[in-house]
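Presented below, as structure tokens, is a lone chain in the form predicted on its own.
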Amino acid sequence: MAEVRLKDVTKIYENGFKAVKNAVMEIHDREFMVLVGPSGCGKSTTLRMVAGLEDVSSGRIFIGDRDVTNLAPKDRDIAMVFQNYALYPHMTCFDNMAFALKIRRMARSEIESKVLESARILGIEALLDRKPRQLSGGQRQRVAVGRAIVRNPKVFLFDEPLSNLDAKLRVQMRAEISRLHNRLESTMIYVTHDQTEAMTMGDRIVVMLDGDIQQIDTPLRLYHHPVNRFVAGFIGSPPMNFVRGRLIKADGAYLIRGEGVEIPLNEAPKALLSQLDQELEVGFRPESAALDPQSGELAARVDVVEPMGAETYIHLKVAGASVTVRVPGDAQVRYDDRVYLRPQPDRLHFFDLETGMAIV
């Protein structure tokens, strides 16, 4: 296997649209790297440039020690799994998986050995004589993954491979691809718009927006230490809550005060002191605030109640802002109840109103 490096990679289309802007990243050997972001952020374009399916406007791409920027896809030693499976409908699953090996003129016995081993890993031995139309969506995706495995590439590329599957099957395939990565110990780059997939599958995650890389980090560091408001709001389900207030000092103590907001701080971080008397944005996770029917720092009104079984999501209105909290499943809360929130002071995040950057 091999590492993948992007050095100032940019993609500009003929109409002048800059889809990817000076991307710099390093995917380590045997790492599972996930590219995530909203539609149009440049994640699939980045993957397609690594694959050689899109030309690079500027910058360089390396796989291992080789500069592959101008190499054809077939010369990059990569295998790609697409969203739409891209199986040949007239061929059996065996022939679909064996196709690339036949093109290389491998011996029949070697082809059979590789296909059967890949089918065994994926649990699809019984499907090899069927054609794609006889398979379910999950089975087709396994065949597409098997077609990639038989090539034994240096790098696997996945472009939203689970988007066409139903919710239950997505969870199952998510686990299977993660298990496959552990088994093959291969370098994998995976593109998704689903941050839950990113958090559960990636060793590290690249968060992108409008062609720019916002942050590259482990899932937990992205969750607990986002570099800006976008990452904070994108990573996490439900996402982080945000309210506005001014940092003030009263009676020797610091607090955040705004419309319907008064949050005392046990201790103001040093970086925050420069924001004294300035308005800023305060973020907290749904699990980082207690719900109180009597009193608290944030006065709220219940908007929606979503029972999930072991837990319940309560959507609230706080001074015009929408806020979600996660509470035990037996919480007795109803629509339009007036309640209060008490965010944990040591689990607050602070963001500059103008730049959106985290104040740390």
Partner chain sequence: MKLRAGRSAFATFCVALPFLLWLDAPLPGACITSGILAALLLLLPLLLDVLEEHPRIGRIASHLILLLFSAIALFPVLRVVSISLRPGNKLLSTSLALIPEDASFDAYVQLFTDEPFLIWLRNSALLAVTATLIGLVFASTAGYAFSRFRFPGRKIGLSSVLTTQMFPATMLLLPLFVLLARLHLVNTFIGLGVIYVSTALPFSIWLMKGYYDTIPASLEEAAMIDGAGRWYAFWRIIVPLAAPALVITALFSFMNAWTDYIVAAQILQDERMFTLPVGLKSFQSNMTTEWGLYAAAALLVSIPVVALFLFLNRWLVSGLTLGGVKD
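The model shown is predicted, which means the values in this text are computed figures rather than measured ones. Positions refer to the first chain, counted from 1.
Not on display, but discussed next: the form predicted together with the partner chain.
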Using a 4.5 Å heavy atom cut-off, which of 275 to 283, 234 to 242, 175 to 183, 129 to 137 contacts the partner chain in the predicted bound form? 129 to 137
Verify the contact flag for N228: yes if a non-hydrogen atom of it lies within 4.5 Å of a non-hydrogen atom of the partner chain in the predicted bound form, no if not. no
Should L53 be counted as a contact of the partner chain in the predicted bound form, where contact means heavy atoms within 4.5 Å? yes
Could you tell me if N164 has a non-hydrogen atom within 4.5 Å of the partner chain in the predicted bound form? yes
Test of understanding: in the predicted bound form, would A107 fall inside 4.5 Å of the partner chain by heavy atoms? no
Can you confirm whether R48, F82 and P89, the three residues that make up this candidate site, all sit within 4.5 Å of the partner chain in the predicted bound form, judged by heavy atoms? yes
With the partner chain left out of view, which of I216, L169, A268, A100 would have a heavy atom within 4.5 Å of it in the predicted bound form? A100
With the partner omitted here, the residue among R257, R151, R204, K154 that in the predicted bound form has a heavy atom within 4.5 Å of the partner chain is R151
Who in 252 to 285 is close to the partner chain in the predicted bound form, meaning a heavy atom within 4.5 Å? none
